[in-house]
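Listed next as structure tokens: two forms of one protein chain, kept apart as structure 1 and structure 2.
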Structure 1
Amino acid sequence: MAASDAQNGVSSIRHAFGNVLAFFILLLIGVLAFSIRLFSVIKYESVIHEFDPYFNYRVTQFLTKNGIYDFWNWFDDRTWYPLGRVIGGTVYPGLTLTAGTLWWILNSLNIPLSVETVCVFTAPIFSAFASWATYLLTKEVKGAGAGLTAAVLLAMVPSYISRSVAGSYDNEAVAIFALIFTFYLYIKTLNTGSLFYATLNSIAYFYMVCSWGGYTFIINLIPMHVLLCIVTGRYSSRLYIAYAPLVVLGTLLASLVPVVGFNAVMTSEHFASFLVFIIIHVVALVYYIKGVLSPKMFKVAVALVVSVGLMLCYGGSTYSIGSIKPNKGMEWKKFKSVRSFLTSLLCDSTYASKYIPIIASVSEHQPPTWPSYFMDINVLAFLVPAGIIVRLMLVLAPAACILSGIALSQAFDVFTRSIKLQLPSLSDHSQVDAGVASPESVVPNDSVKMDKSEDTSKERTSKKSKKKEKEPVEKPLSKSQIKKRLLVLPLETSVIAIILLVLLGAFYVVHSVWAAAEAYSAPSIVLTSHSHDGLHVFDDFREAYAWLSHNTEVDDKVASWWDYGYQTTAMANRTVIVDNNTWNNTHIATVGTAMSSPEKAAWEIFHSLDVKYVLVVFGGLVGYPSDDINKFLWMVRIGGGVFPHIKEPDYLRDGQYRIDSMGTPTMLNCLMYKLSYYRFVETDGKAFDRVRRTEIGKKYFKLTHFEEVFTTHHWMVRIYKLKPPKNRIRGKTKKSKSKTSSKPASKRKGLKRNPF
């Protein structure tokens, strides 16, 4: 008795020690997750990255300046000119509100951080939260050891790092945390069956809906799980409590978010959850009646319900065959839309690219190559049994982390246990001694093993009942020892396996740190390149935007391809025609058409849009590959999709896209070519394009309707001004032209040019 008391004391101390240790490990994981994402700040500077984050940054600035009410009602007239954009109703507000709240709290604590700093560091902070949420989730599923392993893996998984380095201020930064946390709360509700957690779950779901369009993953995955549980006969009332309130509350909360609104009940993404909601009610009723009635009576009830149901179905179908024929088309359409949704979501991204070029032109929607799959998940790919869309990789990453966390910790468990049992020092002690010394470590392990297939509720009960188990410890112990003997692996094998696992882990860490430092921390607004004569920094984008904000009127409109829309509005504070929120295909097609038209037609299009400046990105001088010439075919395709006089074959020579002397005349005369290569020959005398690795086709030409006003240091951004419309005198000159020689005409032309 006394011995068991002492044992209890030892085990509780050990538990307390374990908890403290776990807490510190978690703290360190948080620090790791935060600091591994700071490479971008250290290597470059504390700036917002890429394109979308600039928009989010601008919205956050507006929020902190004008308050939440103005934010909801914000109609932005500085973009999509002349249409404008209702920002409050078309943006997922979660990220902005989070960062705004952070900034507000810090400022009211008299910590004067700028909005930009808060925005830059939001993503690392939330990735720390995400790894803690992973710990909670995995702990709920499999136990603390697996939880810690999964948290470490998630803190470093490259695919998540790529979207959440410091400065990458995008929706995914907070959404992954929300995703994992929602799943954690769902599992927690499932295990406890408490309405309290169900409420928290729907609130977490609300946060997820606020922050990312990817919330549809949750609202489709959870019903799938529920359906699977029902089909495999694992329905329990806890499942009902976890699911039914989530659907009702979640749907209501989701429709509170303006960008979702009635879509929460109207679109096909959400129908699965409603269907399962109905099914679970039927199943719950059936289970209830089954519990109430005797088995024989239940059979009768089933027979009755089935026969009545069949009769109703028969009647209904005979009735509907007569009357609802025209509806069938609609049904088919519905089915088609659901199918298209599924295909576009799950595997076949070619569907979208076939019909809507603009979707295909976004690289995120393209299927990842196997190298990128390996790059993003790395070692974990071996531990997870796995064409997905790139964006799905991000959602896949937490799942991969959790699965491989479980796998790793289980493997370590098995190997260390077999080593422990076989080490001579331990086994030399008497069997009884070993039996007394290690029940704590054995009993939980075995219980973990056993309920591999069961829900974790069993584990909780086993934890609770552990004290009870200790008194009759002799019998199960001998049994478990036999079992242990069976599970034991040879000593050498397990040692080697552990070494290999550690090596694998080390390889993963090295790869992740390398990926974080080299591959994913480039802000893409500042570029660097290493060459034999040292490090080069290309800061042309900010140079150009600064020029725009200093040298143009506040209300001037700047046209560029949509990639640079967000940056132009955020950094130069000028009105743009199209931007990265590609909501209006026609408008983008207009700009694409202008870029692919000859100069005069382009000038007319731009002039009709009130454009003052045209901005093109050109990488030919320094070899920056993602410039406008390389994107040009997309402009042609998107433009041609709406305006059929733009034909892609006109720009291709024998199906090849080329800008050298073999290029087609349409290509060499279009606006994009001219604006990119204007005066390019003056740089090296040969006009050698370093991206396309060729000399350009047309070297010497003049611009008639545009005028170069600014070109950045490395020629990466070139800004042109539209010349003002010609005076009406032109009609007169034409008349006089027939009479007089060309001299006065050219003189007049010169006069016209002068005033500006």
Structure 2
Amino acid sequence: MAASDAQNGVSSIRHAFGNVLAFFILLLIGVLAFSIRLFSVIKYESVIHEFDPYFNYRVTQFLTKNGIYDFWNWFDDRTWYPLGRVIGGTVYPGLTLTAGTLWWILNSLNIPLSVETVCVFTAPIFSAFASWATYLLTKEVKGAGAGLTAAVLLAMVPSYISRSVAGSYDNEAVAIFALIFTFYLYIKTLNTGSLFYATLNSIAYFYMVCSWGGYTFIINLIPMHVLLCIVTGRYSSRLYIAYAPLVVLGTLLASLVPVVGFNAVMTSEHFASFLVFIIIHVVALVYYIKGVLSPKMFKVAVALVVSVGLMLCYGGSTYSIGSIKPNKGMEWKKFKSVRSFLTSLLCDSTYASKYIPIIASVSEHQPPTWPSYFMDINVLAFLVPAGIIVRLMLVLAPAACILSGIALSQAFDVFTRSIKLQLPSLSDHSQVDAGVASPESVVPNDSVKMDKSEDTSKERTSKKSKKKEKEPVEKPLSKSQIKKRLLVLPLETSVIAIILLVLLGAFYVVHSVWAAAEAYSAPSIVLTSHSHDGLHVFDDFREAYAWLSHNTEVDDKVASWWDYGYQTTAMANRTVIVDNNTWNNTHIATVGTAMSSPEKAAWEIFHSLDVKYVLVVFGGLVGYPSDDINKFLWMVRIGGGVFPHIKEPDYLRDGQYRIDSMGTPTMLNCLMYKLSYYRFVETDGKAFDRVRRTEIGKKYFKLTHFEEVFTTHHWMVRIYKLKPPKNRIRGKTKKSKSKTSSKPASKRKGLKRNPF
């Protein structure tokens, strides 16, 4: 008893020390996740990154200034002119409400931080929360060691860093934490069968719905897991408790989000959850009836239900096929179009570029190249081989970190156990011979004991008593010990494997730190380049937006490609025609058509939209590749998808877009070409485009309907003003004068003079 009590005391102390150590390791992981994302602030400044975050920042400013009720009812008339946008009903409010709440709490504690500062640091804070949620999820699945490994991997994975650096104020900043935490609570409910955790799971799902449209991953992956458990015969009451409240309470809460509303029960991405919800109730009913009826009666009931169900399905399908006519039924056409869309989108990677150019124009919707794939998850690609589009690399990162954490934890467990079992053999071979026996030596000893026990009953009782006394010594020779013995690897192999894993981890750390410091820390609003002269900073975007803010009227409308809409409204506070929301394809196609048309036709389109200024991004002088000329392909395709007179072949020469002397006349005379290359020959005398690496074809031309009003220092942003329309009455009087001048003077005297 004393020995067992001592062992229990040692194990409890070891367990408590392990919990304390794990707690401090988690704190360090949180600090690591937060600090590794601060390179953008250290190297540049505290500034919002990219395009979408500027809209979120503008909405958060409105929320903190006007309150929650005005936020829900806010109609923004500075976007999508002349249509406008209802912000409260078209935005996922989770990020905005989270940052607004943080700002309110800090100011209540007399910590006077600006809204911009809170928005900049929201993503790093929630990256630490996401790492802790990863630990909880992995610990619930495998153990504390795997959880710590997965947490530290997620804290540094480049794919997640790219969307959570300081200043990346986008929905994914808080949504990844909500995604992981929702899955953790689901697994926790599944393991415990607690309604308390089931309720928390529904609330976490509600927060995920508020934060990001990617909540559909949860409401489809969890039903898939439930259905798989049912099919494999793993149904239990805990599975029902984990799933049924999530569907009922989660759907009710999701419908409270204005941007979702009744889509929570009407759109196809939610149908799988409802189907599995019906199936799990049918299975629960079957299990209940099976417990009430006898086996014979249960078989009869099953046969009856199956036969009636087949008859109903046959009758329903016959009625549906008979009522829907392939040539005239709108339902059949809709089903056929949805079927062809899903089939083509999943099986043909070129479907979007052919038929939905507005989707294909976003680089995140393209499949990643292998270099970018390795860049985002690095060595985890060897542990979790998978392919996915660029946008979903962010969702793949937590799964890859969890699976890699489990794999690395198990590998270290095997290798360290192998070394631990073999290290005593190097110092004392006798201990191994006495303490660890081979499975072959166990069987002969048992047979000898059995032969001797057959002699007399006294010897039998004495052997039994001796065997009982020796049970603690022979306990390690059980099947589990034999199984562990079989998993032991050679000492040299284990040492080499651990060294390789440590080197692999070191390479992962170095790559992640480099990606955070160099690849993903630079804000798109401020660009830098290194040359033999040193570091060059390109702050042309803020220069252009500042010019618009200080030199144009408040009600002036600015036209540009949709990429720059959010930044224009947030930084210049001017009305835009289109922005990054891309909800109206026709409106975007109108701007694309104007950019693809000749100057006069483009002027007419912009004038009809009450546009006063046109903004274009040009990188030909400094070598900035993401300019409007490189995006012109999608302007033509999107515009041609709505307005048939815009034909892509008119802009191609031998299947390529060319801006040199071999460019087509349509290309060299379109508005985008003229606004980009106007006066470009004055820079170097040759008009050499450093992005396309060629001299432009049309160097000398004048603008008749637009005038240049501002060009930034590095020519990256150029702003043009529409010239006012000509006085039509004055033109008519001149024409009438020219006609009357040819008449005799005697007849001209009798004509009345035009008073205008």
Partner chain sequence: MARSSSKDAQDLFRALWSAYAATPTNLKIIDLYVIFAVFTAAIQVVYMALVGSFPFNSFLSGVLSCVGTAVLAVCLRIQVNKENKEFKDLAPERAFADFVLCNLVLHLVIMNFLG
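Rigid core (definition): largest C-alpha set, two forms, superposition within 1.5 Å. Throughout, residue numbering runs from 1 along the sequence of structure 1. Computed from a prediction, not measured in an experiment: that's the story for all the values here.
The form predicted together with its partner chain is structure 1, not structure 2. With the core held fixed between the two structures, K290 has its Cα displaced by at least 2 Å. In this overlay on the rigid core, L312 has a C-alpha that sits 2 Å or more away from its partner position between the two structures.
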